[in-house]
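For this one, two forms of the same chain are given in C-alpha cells, first as structure 1 and then as structure 2.
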Structure 1
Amino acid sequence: MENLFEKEINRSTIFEDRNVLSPHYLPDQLPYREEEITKVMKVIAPALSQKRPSNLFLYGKTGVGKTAVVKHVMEKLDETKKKYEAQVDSIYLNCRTHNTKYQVLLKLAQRAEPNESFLGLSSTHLYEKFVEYVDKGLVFIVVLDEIDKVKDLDDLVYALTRANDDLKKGHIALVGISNKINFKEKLDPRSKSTLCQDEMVFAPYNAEQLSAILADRAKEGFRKGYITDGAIGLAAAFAAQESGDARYALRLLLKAGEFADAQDTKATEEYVKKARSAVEEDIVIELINTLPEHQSIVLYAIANLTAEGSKYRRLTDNGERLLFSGEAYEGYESLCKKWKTMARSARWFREYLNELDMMGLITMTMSGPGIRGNTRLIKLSFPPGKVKAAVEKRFA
C-alpha cells in the first residue's frame, strides 16, 4: 500500500520556507521604516544611561509595520543591554489578550517574580511587586500593543505613571500602539497627555513599496522561479488600493502560493486574483467572529436590507446602494423581535454603527441637508450574501 504520510513528507512544494510568508514572521530588515526605527530608538535610548525615556504613542492604519518596528527596536535594546549589562528591562504585551489593568499588572508582577503564581492577589499587590522590582534601579519599558483594547486604560496609564513618583531608583516608560484613530479622544485628558508625550504616525505603504517588501519575503519564502514578478506586483497593487496594508499583501501572496502549490505550478497573477476573493472572505469571517451579539445583529440587518434593496434606496454616482440609518434601526429592531432578544436603544445603535465602521465592515457618510434632514448613510463593505452567511455560521 502507498504510504500517504511519506508521500506528504517527500512531496515537493513551491515554498522554500512558508513561515517567512506568515504575518508573525519578523524579518531582519524592514524596508521603508528606517526613519521610524531610528525615531523609536532615539526615544528609548536614554534608558541605557539610566534616564527615563518619554512615553511614546504610535499610530497608523493596520499593517503598516508598527508592531514590526517596535519589536525590531526591542530586540536591539535587548542585545545592547546584554552586551553592556545595562540596567534595562522591557516587556511586550498585546492587549488583545491582556485587556485589563489587572492582567497587565499580573504580567508585570510575573516578570518581577517569575516563579510566583500571584493567583487571586489584588492589583495593589501586583503593582507593589512590580514597583519593588523596578526600584532595584531598572529602567523598564512597557510596550502595550493594540492598547485601545484595554478596558480600563485610564486607570492603567495612571497607575504606571504614578509609579514613577513611588520609585526612588528606577523608572518606567510606556510605548503604546494603536490603529484606532479616534481612540485617543476617548481617553481622559490627563492620560492622553501622559501617554502621548511623544507621538509618531506611520503612513500607509504605496504599491511600489509593497512590491519591494513582498519581493524580499518572496525570495526567501518561495523556491526560485515559483513566483512571478507579475504576481508580486499585482498583490502589491491590490493591497495599495485597499489601504497600503502589508499584512494584507502578504496574505494575498501566501494564498496565491497555496492555490498554485495545490496545482504543482508557479504562482502567477491568475492565482493572485483568485486569492483576492478568498482572502476577502477569510477577513470577513474573522472580523465577524469577533463581534459581540448586538453588533452582529445590526450588521445582519444591514446585509438584509442591502440584499433586498432599501425602500428609500439612494444610489450613489457609481450605482452603489446606501441605507438610511433609520431604516437600518427598524431592520435591527424587527430582527431582535424575531430572534427573541431585547433591542437596545437608538443611542446604543449609533455606537454599534460607529464600531462597525471602525472595523471596516461598513462605511458611513452624512447625507447632507435635503434628504430627510441630515441623516447618516450606510454602505456595507462586503457582499451581503457573504456577510449573512458568516453571521449565520457564527450563531448556528
Structure 2
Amino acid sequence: MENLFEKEINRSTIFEDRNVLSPHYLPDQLPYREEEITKVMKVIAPALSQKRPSNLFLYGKTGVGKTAVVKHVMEKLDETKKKYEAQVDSIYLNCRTHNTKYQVLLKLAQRAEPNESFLGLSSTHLYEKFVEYVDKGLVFIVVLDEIDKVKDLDDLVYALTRANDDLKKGHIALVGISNKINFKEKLDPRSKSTLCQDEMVFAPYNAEQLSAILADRAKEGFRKGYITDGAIGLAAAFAAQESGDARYALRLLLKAGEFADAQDTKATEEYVKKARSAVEEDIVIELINTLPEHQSIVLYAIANLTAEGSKYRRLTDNGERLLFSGEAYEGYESLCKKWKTMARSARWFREYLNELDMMGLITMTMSGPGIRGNTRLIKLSFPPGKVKAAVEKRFA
C-alpha cells in the first residue's frame, strides 16, 4: 500500500508555518496593545522590588488580546527576574480546566513542591504548602484566566487574598482575566472587600487593526503569493462584525488556507467565505462542550422549541422564530424531569439565559407593543438541529 504519511510530508503546501496562524500562538509583538502592556507592567513591576503588586482584573470580549498581553508581560517578568535575581514566581492557570478551589490550590502546591505527591490531601494542606513556599520571601503572582469559571470562586478569592495576612516575608498577587465585566458582582461581600484591585477593560479591535494583524501573521504563515489581500481584508471584516475578535479572524484565515491547500491553490475571498460557516460550526460545538450541565439543558430546550414550534402564538424576527422566556423555562423543567435531574429556580434560569446570550448562543430582546406584560423574547443563534446534536453528543 502507498505510504500516505510519506506522501503527506513530501507534498507541496501553501503554508510556510501554519502554527503562526493559530489563535494560541504568541508573537513577539502585539500590535495595538502597547498601551495595555505598559499598564499591566506598571501594576506588576513592584514585584521585582519585593513589594506586593495590586491585584489586577482584565475584562473584555473574547479575542481582544487579554490573555496574550498577560502572557507577554509574564514572559518579560521572567526574563527580568533572572537578570536581577529577583525573588519572584508566577503561575498561569486556565480556569476552564482548573475550575475549583481545590484544583487551583493543587497546582499551586505542586509549584511549591514539584517532587511531592499531593494525592488525596485536603485543600487546607495544599494551601499551607503554598503559603510556606511563598513565605521564603517570594512575591508570587497567580494568573487565573477565565476566573469566573471557578465554581467556588468566593472561597478561592478569599483564601488567596487573605493569605497575605499569614505571610511574614512574601506576598501573593492575583491577576484575573474574564469576559464578564460584572462577574465580581456575584462575589460575597467578604471576598470583594479583600481584593483592592486595579481594573482594565480591553476594547475590541476594529477592521483596520484586524487587517494589519492578519497581514503580519500571513507573511509568516503562508508562502509568498499564496494568499490574497482580499482574503485578508474579508477575514478582518467578518471578525470586526463579530465584536472585533482576533481569534476568530485567525481561525478564518487558517481554515481558508486549509481549504485552499487541499486544492493546491492560493487562499482567496471565496475560501474565506467557505471558512466562515465551518469555523462558526466549530465554535458552537466548542462552546457547547464547555457549558455546565444546566446551561446545556436550557440551550437544548430552546433548540427543541425552535425546531418543534411554540404552543403560544407565533412570533418571528425576519422569519426566525422567537420564544417567550416562560415557555423556555417550561421546556427546561420538562427536560430536567425527563433526564432525571433537579430543575433550578426561575432566578437561576434567568442567569443561564444571560450566560448563553453573552456567549452568542442565543439573543434576547424585551417584548414590545402588542404583547401583554414585559417579557424577554429568545432567539436561537444557530440551526436547532446542530445545537441539539452537539448537546446530545456531549451527554451520550
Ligand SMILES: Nc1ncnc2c1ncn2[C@@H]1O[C@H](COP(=O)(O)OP(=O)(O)OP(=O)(O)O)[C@@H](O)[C@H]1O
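The term rigid core refers to the most C-alpha atoms you can superpose between the two forms while keeping them within 1.5 Å. Please read these numbers as outputs of a predicted model, since none were measured by experiment. Counting starts at 1 with the first residue of structure 1 and goes up one by one along its sequence.
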Structure corresponding to the form predicted alone = 2
Quick one: core overlaid, is L30 moving 2 Å or more at the Cα between the two structures?
-> no
Classify L291 as shifted (yes) or not shifted (no) between the two structures, where shifted means its C-alpha moves by 2 Å or more with the rigid core superposed.
-> yes
Core superposition between the two structures, C-alpha change of G331 at least 2 Å | yes
Core-aligned Cα shift of M342 between the two structures, given in Å = 7.2
